[in-house]
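One chain comes next, on its own, written out as structure tokens in the form predicted alone.
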Amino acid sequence: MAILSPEVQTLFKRHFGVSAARFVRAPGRLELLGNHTDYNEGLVLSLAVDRYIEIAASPRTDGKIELISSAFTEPEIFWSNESKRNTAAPWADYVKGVLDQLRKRGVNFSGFNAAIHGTIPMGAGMSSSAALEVATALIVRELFPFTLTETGVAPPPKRDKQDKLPAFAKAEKLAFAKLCRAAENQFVGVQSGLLDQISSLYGKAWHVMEIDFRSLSVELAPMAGVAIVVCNSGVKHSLVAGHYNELREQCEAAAKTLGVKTLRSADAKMLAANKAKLAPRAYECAHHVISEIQRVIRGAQALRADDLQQFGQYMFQSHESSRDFLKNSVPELDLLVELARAHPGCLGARLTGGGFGGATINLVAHHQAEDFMAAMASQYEQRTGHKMQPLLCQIVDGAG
């Protein structure tokens, strides 16, 4: 069971007048290497980090669900058997989408009150939406215990003497990730892969997740001796607006033209031989994905050899590919990478997440992290006129 933060506890008690019965938290994630490769059955190196979505909740008897959030002023109230979107409260769609998927899988639940508090910057590319989806699934499990399988549900788990539910089995953890992904695809409308949900559930402190999206396997590699710094451009991205879905469509079109199921099965030689058959935009997206998968392979080798200098070079190359071929960067992200590259303590930097705004992830020598953060804040404000407070992140365990 998660450690309850004072903020979410206070939020619940202030609004509902009593203390919450159950609580969960799910971490955000940083994609270290592997931009837009997940839905192409590719490879990604990812981290779960110490920024969370937390939910405190208690059951209620009238069949209604009432959600409050520290980030929004108005509560959202609806019946537990409803699946309606509310354009005035789009933040609640991620919760409703998960509840909708749980119903479809035969999970029985009724009404509850829930307070939501987050420390993941919204729109920064750190997957606050996926963390909210994962936390929603987990809080329903806490309130109305169930066991999720690939095909539906099994007999519910029993609490131990400390009133705790057992940890997930490996297969159930993946089933939770798929359920949350389905909520985002089908209810919210973003055709995302499984990266964000797997990262939030499978993370391990001080380790990088090596995720293979063809086999859906996760391996862990230790990562220590380096600081992870996030620099938020302040440009909020909205993946629902269509950018993300358009990139996926281009990748799928390229794979179809190349005669492969996904771009994971293509290589640079195949792409070059078929360039004339591809629409220019499909070629650019395929070029990025195919080369990015190779960077992940080489990056994983560098990590295991403890060669962080070489790994950092792959990060810079990844950003250049995202900028020039995938075209999901923006001038502010490019500036942040440029400023980071000029600092002697920075080993590597690149945009992280879907792009079109959001943040960069920076690998920085531990002893130079404070100077790096101060320099980035100062120089970004000088160049753009906007204040930016870098975040120092710890690699943490996942929610599962």
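These figures come from a predicted structure and were not determined experimentally. Sequential numbering from 1, following the sequence displayed.
Just so it is clear, the following notes concern the form predicted in complex with a small molecule, a form of the same protein that is not shown.
> Which one, Gly111, Gly123, Pro157, Gly193, lies within 4.5 Å of the small molecule in the predicted bound form by heavy atoms?
Checked against the cut-off, the match is Gly193.
> Wondering, does Asn35 line up within 4.5 Å of the small molecule in the predicted bound form on heavy atoms?
Within the cut-off, so yes.
> Is Glu31 close enough to the small molecule in the predicted bound form to count, meaning some heavy atom within 4.5 Å?
Because a heavy atom of Glu31 falls inside 4.5 Å of the small molecule in the predicted bound form, the answer is yes.
> Could you tell me if Gly42 has a non-hydrogen atom within 4.5 Å of the small molecule in the predicted bound form?
No, Gly42 stays farther than 4.5 Å from the small molecule in the predicted bound form.
> With heavy atoms only and a cut-off of 4.5 Å, decide whether Tyr244 touches the small molecule in the predicted bound form.
It does: once the small molecule is placed as it appears in the predicted bound form, Tyr244 has a heavy atom within 4.5 Å of it.
> So which stretch, 334-342, 62-70, 366-374, 348-356, is the one near the small molecule in the predicted bound form (non-hydrogen atoms, 4.5 Å)?
Going by heavy atoms within 4.5 Å, the stretch is 348-356.
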